[in-house]
Every structure is written in structure tokens, then in C-alpha cells.
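Shown below, as C-alpha cells, is a lone chain in the form predicted on its own; questions about how it binds or moves come after it.
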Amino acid sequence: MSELPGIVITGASGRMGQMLIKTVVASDKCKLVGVVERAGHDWIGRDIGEAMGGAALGVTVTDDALDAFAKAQAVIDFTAPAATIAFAGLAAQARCVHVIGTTGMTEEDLAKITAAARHATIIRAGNMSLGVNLLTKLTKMVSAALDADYDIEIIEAHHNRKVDAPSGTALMLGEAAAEGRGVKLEEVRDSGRDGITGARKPGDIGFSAIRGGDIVGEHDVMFAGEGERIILRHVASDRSLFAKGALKAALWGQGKKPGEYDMLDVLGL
């Protein structure tokens, strides 16, 4: 048997699922041991390589997540909140690392993830790229250096099929900005401007979401003061960078104690 860590990919038919599968298969540091799709999906029972339009990979698509997880050392999960919560419990049972790139989760959802992390190693981030996590670090630093005379706006752009707004990355940047100022994001978040809204409230952190075409992901953090603006920016042009970051997290998590981690932990930032 190979000593390489076995990886399971959930949401196998999705764009990120397929990108993750290709990334794992191309790596010499791990092995694809399972792929999961929802019950009733027409890929169930098919070889994943053939289902994706290529050569057979010897891995059959299944809807039995627990069985797949039991054969793996890590699961990488970019699906939907309800599915991710269910997978968190199953990953904890299987004692495998759970890497979560799912966004759009509520506070109640996150509480369930925290509960699962008492028994499993969970690495969760709104964005898995190195650049975005550096941007998060810089956002916190700049926010801490500037007072409320500088308005903070987070502007994000994604493809027209993205279902949540603001993006998970935008919220991650907002959390960093709020932490830099020593406040809670939920107390200063402003993401619902429409109509006659009145003047901007000092200290608020604003969000704007753009949806269109095939934009992979763009994020600006703007600090707007009197007479100047400071803009921190990240542009993603290739979805594979998220898959590579997620795989890096899955490998980093091997041997780590149960608990919640993020990409800053993975990157040592």
C-alpha cells in the first residue's frame, strides 16, 4: 500500500471539485482515494476520470461519504453549507483532516463546525490562496495603523454563477480590518446600501459585490481618507491556485491535533 496520504474530494462534478481532483492526481505527495457526489447524481457509480471526459483513474464516484472518508487521511470540501456541516461530522468520525473552502455559512453553521473540531482537525478559510492570505495580514496591519478618519471599503468581483455575497474572502478581509481596529465586524458591517441611505457612519466597514461573466475573483480593500486613498488588491486569474492551496492545507494538517485552523496557520503567518 502507498504511504502517501489519501485524499477524498466532495462535490466532484463541480468546477472546483474537478479542479481539485486534477490537482490531487497531478501531485506526487498524495493519492486520490475517493470522490463524493450527492445521492441521485448521474455520476454515481462511474469512474471519475471517465465522468470528467478523460481516462479512467480507478476511483468510483460514490454518495457514501462516510465510507469514502474512512479510507482517507483528508477530505477537501468546496460544496454548500448544509453539505459541509454533514461532512464535518462524518470527517470527525473517520478521524481525517477536513479542509473547508465552502463559503456562505451562518453563525449557526460555524458553531456546528466548531463542535466538530473538538474531535477533528478542521482547516477552514474563505480563500485558500497564498496572496489573499497575505492580503488579509496586510489589511489587519493597515487597519490597526489608521484611525476611523479612514473609511474602509471592501470591493469584490466574481463570476455570474456565484450564489453568496459578500464573498467569503471579502468577509475574511472585513474580519481582519475589524480586528485591526479592535471592533467586531457584525457591529460595523455595512453591506446593504440602496436608495436614500444617509451619510456614511464613521467607523463602518462597507462591502460592495460585483457579479459578472467569468471573473475568478478580485478583491480590493480601500482605506479612504481626506485627500488620499490606500488600496490593497488581489486578483485571481486561475482557479487552480485555490486547489493548490487547499491541497497544501490537507498535507499540512496531517498529524495536527483536533481543532480549528486557517490558512494563516498553514502558511505560518
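Computed from a predicted model, the values in this text were never measured in an experiment. Don't overthink the numbering: it's just position in the shown sequence, from 1.
The same protein also has a form predicted in complex with a small molecule, omitted here; what follows describes it.
My question is simply whether residue 190 lines the interface with the small molecule in the predicted complex - judged by any non-hydrogen atom within 4.5 Å. Heavy-atom contact with the small molecule at 4.5 Å: absent for residue 190.
Residue 223: heavy atom within 4.5 Å of the small molecule in the predicted complex? No.
So in the predicted complex, does any heavy atom of residue 80 sit within 4.5 Å of the small molecule? Contact check for residue 80: yes, within 4.5 Å of the small molecule in the predicted complex.
Examine residue 121 and determine whether its closest non-hydrogen atom to the small molecule in the predicted complex is within 4.5 angstroms. Heavy-atom contact with the small molecule at 4.5 Å: absent for residue 121.
Of 137, 95, 162, 112, which one comes within 4.5 Å of the small molecule in the predicted complex, counting heavy atoms only? Checking each option against the small molecule in the predicted complex, the one that comes within 4.5 Å is 162.
Among the candidate residues 91, 128, 76, 152, which is the single one with a non-hydrogen atom no more than 4.5 Å from the small molecule in the predicted complex? By the 4.5 Å heavy-atom cutoff, the listed residue in contact is 128.
Interface segment, criterion being heavy atoms within 4.5 Å of the small molecule in the predicted complex, picked from 179-187, 113-121, 97-105, 193-201: Result for this chain: 97-105.
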